[in-house]
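The chain below stands alone, shown as structure tokens; this is the form predicted on its own.
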């Protein structure tokens, strides 16, 4: 039986550095993380692991813990509606709202292993401005080093490409490499990847025409949700758009954005 002090130490550490909240009733979710860390650092059990972390947390120990405790669940075209709306009605909206812009800055704010920013580009090419992908600057960030490493490689298993990716898009944008699938370089090279902590780091002001921040804030408490959304709002250009997950909203958050229906999806627009 793991000592409650051990659970509290690690849950507090993760919350402090990511905002991800492991409540007391959720402590059991840390057990599998402990098992992985015990093997990694060759200690006897969670108590010895705790002693190791209390003595001195090295950058490697920090990175491994944060990577393990972040949720990197994702897949291609996750809920197809916002991707179609982004590529069709969203691009029409941008052209009307920003008529003098020669390019559009788009940010996938929690890109995990890269499926979301790739889906944005494939959606543009399939449903929207097919011949002008160079007009779109795609940035993608995540807190997880392991997830970003995979995203930067653009290499996915057969199971991963089967999750949400239509066969015609797989054939068009990927090449088979043994049992895996490699995204085409022409598409992959259009994405700029970087490591970023949404909770603790600052964002550029009035930089982005569109931000995708989906299925991230459901893991934050209200205080941190407000903090992150306030920074996201400041990073969006006046008139720009925010796409959130289906189970997320701005209820209880006071920022200058209002809901907008685009095609068959909903997003939020920043007041001009």
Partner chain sequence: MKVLVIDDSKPIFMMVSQMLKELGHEAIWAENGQDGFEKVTANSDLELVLLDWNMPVMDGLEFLKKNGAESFCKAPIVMMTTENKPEKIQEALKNGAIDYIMKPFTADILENKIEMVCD
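Numbering follows the first chain given and starts at 1. Not measured: the values here are computed from a predicted model.
Although not depicted, the form predicted in complex with its partner chain is the subject of the following passage.
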Practice problem: Please pick, from 134, 189, 168, 202, the one residue with any non-hydrogen atom lying within 4.5 angstroms of its partner chain in the model of the complex. | Solution: 168
Quiz prompt | its partner chain: the contacting residue among 93, 173, 104, 181 in the model of the complex [heavy atom, 4.5 Å] | solution = 181
Quiz item: Using a 4.5 Å heavy atom cut-off, which stretch among 192-200, 111-119, 136-144, 74-82 contacts its partner chain in the model of the complex?
Solution: 74-82
Quiz item: Contact between residue 123 and its partner chain in the model of the complex at 4.5 Å, heavy atoms?
Solution: no
Quiz prompt | Exercise: residue 152 in contact with its partner chain in the model of the complex, heavy atom 4.5 Å | solution = no
Quiz item: Though only this chain appears here, would residue 97 touch its partner chain in the model of the complex if you measure heavy atom gaps against 4.5 Å?
Solution: no
Quiz prompt | Residue contact check: residue 128 to its partner chain in the model of the complex, 4.5 Å heavy atom | solution = no
Quiz item: If we check its partner chain in the model of the complex, which of the residues in 137-164 reach within 4.5 angstroms of it by a non-hydrogen atom?
Solution: 158, 159, 161, 162, 163, 164
